[in-house]
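Next up: a single chain in structure tokens, the form predicted on its own.
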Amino acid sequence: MTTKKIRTGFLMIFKMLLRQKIVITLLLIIPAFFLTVVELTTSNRILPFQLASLGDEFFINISEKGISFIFFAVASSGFLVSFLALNLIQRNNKVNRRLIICGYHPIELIISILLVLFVVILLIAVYVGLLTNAFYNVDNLGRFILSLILIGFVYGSYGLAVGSLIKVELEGILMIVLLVNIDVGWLQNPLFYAEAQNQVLIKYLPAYFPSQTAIITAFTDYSAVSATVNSILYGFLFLIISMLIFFYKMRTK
């Protein structure tokens, strides 16, 4: 394994991503569109929200508009990163196999892909975090951006796993939409979670801990260490699965 090959792979993959101008445009438009809809449609009534990851007795009173901004910031970050991660694996599948035949090691390729994904996660988290703060004043902006990095890591790793497992683009997109839409796009919404009949099921979904981290850091000074650690563990679980599948499919005789 050489750093030169990793650097070359990183630059190659990143340039291929930048050439997709429509993708870059959507990355900028989608979060702004979501947050604009929140600004235009939600009310300022004050609602009590449970900080479930801290215990049953922890409640905060936040406006419906404020909690909606935070939720859609997390949701848009999870959607964008998961689709990009899927694209990084599926679109470059044949190229990766040719590179391995020409002398690249699968570890060198996966490190290059992960570096590109990390840069994308960081850029999306910073952009969405600053954009959210422009609409609604977040109490702890730096910690909130960290929570967006966590949701990006969890669903980015999920996107890598789906992309490694499934070759057909449409099937991969459906797998992404199925979990992302149900989990981060619906069940983790604090407005729904407060009245949900089976909250235990929601707590086992991938976006639970990053969503809790976002709410805690955006509105309070409570510690979000437990939710942060669990988010990282969830992300590493998907990451390990994706790497094992990638190595198996990229093996050469």
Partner chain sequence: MILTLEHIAMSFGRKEVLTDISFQLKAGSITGIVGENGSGKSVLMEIIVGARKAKNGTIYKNCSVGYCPQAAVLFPQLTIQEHFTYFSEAYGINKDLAKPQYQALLNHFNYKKYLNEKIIHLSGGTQQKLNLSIALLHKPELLILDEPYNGFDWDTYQRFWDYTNELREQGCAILIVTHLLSEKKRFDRIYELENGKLI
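Residue numbers count along the first chain shown, from 1. Predicted, not measured: the structure shown is a model, and the values here were computed from it.
One more form of this protein should be noted, the form predicted together with its partner chain, which is absent from this view; the next part is about it.
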> Which residue, Tyr104, Phe83, Phe72, Phe153, has a heavy atom that falls within 4.5 Å of its partner chain in the model of the complex?
Replying inline: Tyr104
> So, in the model of the complex, is Leu237 in contact with its partner chain at a 4.5 angstroms heavy atom limit?
Replying inline: no
>> Against its partner chain in the model of the complex, would Asn92 count as a contact residue? Criterion: heavy atoms within 4.5 Å.
In response: yes
>> Even though the partner isn't displayed, in the model of the complex is Ile13 close enough to its partner chain, meaning a heavy atom within 4.5 Å?
In response: yes
> Counting only non-hydrogen atoms and a 4.5 angstroms cut-off, does Ile176 reach its partner chain in the model of the complex?
Replying inline: no
>> Contact check in the model of the complex: Leu47, Ile67 and Pro190 versus its partner chain, with a cutoff of 4.5 Å between any heavy atoms. Do all three pass?
In response: no
>> For the interface check, one of 127-135, 104-112, 145-153, 179-187 should have non-hydrogen atoms within 4.5 Å of its partner chain in the model of the complex; which one?
In response: 104-112
> Within 2-38, which residues come within 4.5 Å of its partner chain in the model of the complex, counting heavy atoms only?
Replying inline: Lys4, Lys5, Thr8, Gly9, Met12, Ile13, Lys15, Met16, Arg19, Gln20
